[in-house]
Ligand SMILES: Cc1cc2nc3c(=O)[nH]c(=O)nc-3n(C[C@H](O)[C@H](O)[C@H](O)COP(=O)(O)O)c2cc1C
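Consider the single chain below, provided in C-alpha cells and representing the form predicted on its own.
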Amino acid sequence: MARAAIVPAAGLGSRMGADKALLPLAGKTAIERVVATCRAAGCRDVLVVRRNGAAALPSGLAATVVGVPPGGAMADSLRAAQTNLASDVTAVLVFPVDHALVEADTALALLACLGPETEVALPLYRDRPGHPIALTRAQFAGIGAPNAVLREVVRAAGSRVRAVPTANPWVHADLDHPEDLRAAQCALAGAPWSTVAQMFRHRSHRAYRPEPIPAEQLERLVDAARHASTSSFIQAYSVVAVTDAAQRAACARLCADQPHIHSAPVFAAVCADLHKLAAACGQHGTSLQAQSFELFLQATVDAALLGQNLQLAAEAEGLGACMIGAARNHPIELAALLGLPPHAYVVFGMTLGRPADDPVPRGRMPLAGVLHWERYDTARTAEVLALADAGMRAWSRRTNAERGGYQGRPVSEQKGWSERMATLWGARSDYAQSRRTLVEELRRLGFGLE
C-alpha cells in the first residue's frame, strides 16, 4: 500500500508573526521535523503545500512542493495536493505543519488502522481528537467536492472513523502564537518528567561542566520564570545574568567566594526591583512609597517566586542550579558591581549550568510538620523534630559513605536537623550576627522598611 503525506504549510502566519514552516525547533525547522516524521512513518511521497511567493524551504528537503495562491483555506491546499497524488497511492496522511511535535509512532499507528472497516483514523488525546489524520485514498477523494472541508470528509465516513489513543499532547497544539512556539521549544529541550516529578527530583548542584548556556536558552528560561504570580501585578523583580568570568569572580568574592560561582557558566542575580515602579510614579506626578515595609515584602516575595520558577525551569531542561543566599553578605557592594539602580537589591543569587556532580538528595521536613488541616497542630512538633533529626543523620551517613562528605568535608553523623538549626539561629548565632547590618544596608539601597 503506497502512502503519501500532505503537509499544509501555506498560511501567512499572521498570528505567529512568522512563517510557521520555518519556525526553529531544536536545530530544525518545523517543516523539516514534519517531513522527517512522515518519512519515518512510511510515507513514500510527501507533498508540502506552499503559497506562491513564500520563502524557500530548507535545501535538501525530501518533499515535493505544491504551490497555491495566497489567502486560501486548508481545504484549498488539500485539493491542490490531491491533484498531485500518484495514481498508486492508497493512503493519505494529512499532517499540518502546526503539529510539528507529533512523533512518528502516532502517524504509524494511524496509518496502520486503515483498511476495509476503517477509512479515517484520527489521534485522540484525553478524549479530544487532533491531527494528523489518516484517510484511505477513496475517502480523501471527498475533499475534491465543491466547498468540501476536511471535517465534513471525516464526518462522511461515519462508523468507518476510528479514534486512536495517543500519549502525545501535541496532536492538539497548533503553532499559532509566539507562546505556542515557546512551549514547543521548551518541550523539546525538557527532561522527561512531569512538573510535579521534577519538583521531587530537586537537588542543589555545586559543580558544573564548562560548556556555556546558550543565550537563547537563558532568555527562554527567564521568560518562563517571569510568568510567576506577582502581587497586584507589580512585577517588582529583575534578573542580572552574569556570564563574564571576571565579573562572576567579582560576584563570588562578595558571596563568600563560593567556588561554584566561579565554575558555573551563569551567575543569575535575582533582584527585588522597585526602580520601574518609582519611574512609573514619577511619570504620573507622584513619588514611590519606598518606606513601606509592605511594598518591600511584596517585591521580595515577587523575586523569590520568579527565582523558584527559574530554578524549576532550568532543571526541567537538564540544567543544575544552586541558590546563593550569600548574595546578601555585601548588598551595597554587589548592587554597585551589578549597576543596580536605587530601590533594587539582590535577594539571592543562583548558579546555573550543566551539572558535574551527583549530590545525595537531602529530603525534606516530614510532611506532618508542613501540612496542617483546619488549624496548626503543635501536638506533633516533638515527633516531627525527631523525624527531621533522623532524616538528617541518615543523609549524613549516606553522604559520607557514597560521596566522601559534603563539599569536600566529612559531615557529622550525630547532629540532627534541630541541633543544626539551634546553632544557626539560636542566641549565639554567628550567622545572625553577620547579617545585623542588613536592614541599614537595605535602607541605603532605597528601601525604607518603616
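Start at 1 with the first residue shown and count on from there. Because the structure is a prediction, the values reported are computed rather than measured.
One more form of this protein, predicted together with the ligand, exists but is not displayed; see below.
Which one, Arg137, His131, His260, His343, lies within 4.5 Å of the ligand in the predicted complex by heavy atoms?
Spelling it out, the residue with a heavy atom inside the cut-off is His260.
In the predicted complex, the residue from Gly369, Gly115, Gly325, Gly72 that sits within 4.5 Å of the ligand by heavy atoms:
Partner contact (heavy atom, 4.5 Å) among the options: Gly325.
Can you check 99-107, 273-281, 361-369, 226-234 and let me know which stretch has heavy atoms within 4.5 Å of the ligand in the predicted complex?
Careful reading of the contacts points to 361-369.
The ligand contact at Arg253 in the predicted complex, heavy atom, 4.5 Å:
So Arg253 does not count as contacting the ligand.
Taking the shortest heavy atom distance, is Gln185 within 4.5 Å of the ligand in the predicted complex?
Gln185: no contact with the ligand in the predicted complex.
Spell out, yes or no, whether the shortest heavy atom distance between Arg203 and the ligand in the predicted complex is within 4.5 Å.
Yes, contact at 4.5 Å.
Is Phe296 a contact residue for the ligand in the predicted complex, using a 4.5 Å heavy atom cut-off?
Because no heavy atom of Phe296 falls inside 4.5 Å of the ligand in the predicted complex, the answer is no.
Residues within 4.5 Å of the ligand in the predicted complex, restricted to 346-360 and counted by heavy atom:
Heavy-atom contacts within 4.5 Å come from Phe348 alone.
Work out the direction of the Cα-Cα change for Glu179 and Arg354 in the predicted complex: closer or farther than in this form? It's 3 angstroms or more.
They are closer; the C-alpha distance drops by 3 Å or more in the predicted complex.
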